[in-house]
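Take a look at this single chain, the form predicted alone, given in structure tokens.
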Amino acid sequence: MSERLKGNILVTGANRGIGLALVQQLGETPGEEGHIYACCRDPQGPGAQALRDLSTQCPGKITVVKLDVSDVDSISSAVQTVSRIIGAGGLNLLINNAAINRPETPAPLSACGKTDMMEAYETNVVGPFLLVKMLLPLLQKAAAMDDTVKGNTMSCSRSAIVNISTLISSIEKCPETFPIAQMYPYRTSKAALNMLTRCLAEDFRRHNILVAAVHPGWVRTAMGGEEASLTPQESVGGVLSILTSLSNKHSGMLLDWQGNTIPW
């Protein structure tokens, strides 16, 4: 399933939940066809023990990188680290997975304040924006490799940005999803991430860099809760299967973990 995703892959929020499952399944790819840069805020802390263990189990395939997507200096430092390791190579796939939910679900209007809105926007939108901006030279480098063979064909194995979004970011679907979880800061920040996805897709077509947003489903994570219908492994299995099939026609779209298009 994930064996066709080759090259250098960077995953944010990689120490737990969906991010950890992404690194795990990508790390199971046989051979030396790819390298994973697994990013999290505190690589040496107790919350990253599972990620450190995974790195040990996959020698030479996973590099753990310190990255706080809400801190511009941390983003800059992480990009410098990855750039130094990659060297003449390019970055084939960036998965912007790190996100926060403020305050706790259901987050009705009465419970939300300015700080909640600003923190969600800073992490869920500004962080991916800055990371893409700083990693663009590496993404361009990957897209330009073997250009005479690939032409204008876009794919996640060539050069791509995948933003992990959500069904509840859909404005059209809001009437049916709002009663389940109001989540004002999370919903609005992810809707903004969708617009960022669309803008980047239009901007980067000239570079042959694919940009798409993916809803991973309702997943049993710290954010999704124990009642969620999918395990992280099930969700990521679907997501990675979808990523291997993305092409030019999917750039700028919001898809779910089964490949269905979600309306904006």
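This is a predicted model, so every value here is computed, not measured. The first residue of the sequence shown is number 1, and the count goes up from there.
One more form of this protein, predicted together with a small molecule, exists but is not displayed; see below.
Picking from 182-190, 132-140, 110-118, 86-94 the stretch near the small molecule in the predicted bound form, with a 4.5 Å limit on heavy atoms, gives 182-190. Three-residue candidate spot L67, I100 and T166; every residue lies within 4.5 angstroms of the small molecule in the predicted bound form by at least one non-hydrogen atom. Distance criterion of 4.5 Å from any heavy atom to the small molecule in the predicted bound form singles out M223 from the list C58, A201, M223, A50.
Although the partner is absent from this view, N15 contacts the small molecule in the predicted bound form, with a non-hydrogen atom inside 4.5 angstroms.
By the criterion of a heavy atom within 4.5 Å, S155 is excluded from the residues contacting the small molecule in the predicted bound form. A residue is said to contact a partner when one of its heavy atoms sits within 4.5 Å of a partner heavy atom; N194 fails this definition for the small molecule in the predicted bound form, lying far away.
The small molecule is not shown here, and in the predicted bound form it never comes within 4.5 Å of any heavy atom of L26.
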